[in-house]
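As a starting point, one isolated chain is supplied in structure tokens, in the form predicted on its own.
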């Protein structure tokens, strides 16, 4: 069995990574902060032009019909760049949710607009206490008594909530709902919301993996440049050991995230545990890498003069997005204590081929 990415999957990831390397540097993020903004309209247009927004949307409704494996490297690239625009949230979570409701004309209409890049869709999910980017979205999907409602942002009441990450604007959202705004009953919404949690956790894990690598890359570059006693600080074991430990944690995390991407997002206990394991591993890797980067930078690491703080704050914010560590540990525990374990049960039964 071949566990490597295909040439097409690798090319998609590299295309996004190259674009963001040119369009989403620390200087670009600092310019946004000075302007009090979180999104760059020009950069978003270039992202939309890549045609990836409908990646996980079936071809029958105008999407590309790809899988999570096709988008996982894209999410990792977004994390590595600290991208503030909602490419992952749109392509990986919100649009697949709308596409899973083919009987709703309202969902279909907004799905078409979102795939064109005309608007974005913010998603209020019970697993997240607040709604991300509700102020710039064209519409918001809300859960009311288990049912899904899609309301226009102009009709919603938004209350801003504090966020450790200046590029992640969070809101409490309330809006008038009715039969006209409903896009799925509680019964129909349940499996759709469950799949959204899995996609959200998976692609957040991929972003955290990218963040972890970016933090270690920044720390390694600084350790080569900064000198003490006439030598680069990276030549000293005390620095090298910290950086090596962080990189080892990243490398052990990477296959866990990639393996989770191969699981069906609406799979059973095995799939949930794999995805939760990925989220936990990536959270820990990003936390270690970010804190190590701050330490390697010394006093500079605690200042606004270097980019490390941008990625530290993003890693702190994403640690609790799409499920807290406790939430995901409980899902892993359900698999460990609720089903047989051992070599014969390594892989999910949903993917078994007899």
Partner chain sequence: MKILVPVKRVVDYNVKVRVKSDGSGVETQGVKMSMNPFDEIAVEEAVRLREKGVATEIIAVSMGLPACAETIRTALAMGADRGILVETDVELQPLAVAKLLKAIVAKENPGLIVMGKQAIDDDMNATGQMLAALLGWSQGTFASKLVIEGDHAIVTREVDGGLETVSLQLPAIVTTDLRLNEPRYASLPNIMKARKKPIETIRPADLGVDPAPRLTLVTVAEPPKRVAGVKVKSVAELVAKLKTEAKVI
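This structure is a prediction, so every number in the text was calculated from the model and none was measured. Positions refer to the first chain, counted from 1.
Below, we turn to the form predicted together with the partner chain, even though it does not appear here.
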Practice task
Would you mind picking the one in 306, 317, 69, 64 that has a heavy atom within 4.5 Å of the partner chain in the predicted complex?
Solution key: 64
Problem - Interface stretch in the predicted complex with the partner chain - options 317 to 325, 25 to 33, 287 to 295, 46 to 54, non-hydrogen atom within 4.5 Å - result: 46 to 54
Handout entry: Proximity of residue 330 to the partner chain in the predicted complex, heavy atoms at 4.5 Å
Key = no
Practice task
Please run the contact check for residue 11 against the partner chain in the predicted complex: heavy atoms, 4.5 angstroms, yes or no?
Solution key: yes
Problem - Residue contact check: residue 334 to the partner chain in the predicted complex, 4.5 Å heavy atom - result: no
Exercise for the section: For the stretch 134 to 160, return the residues whose heavy atoms include at least one within 4.5 Å of the partner chain in the predicted complex, in the order they occur. Expected result: none
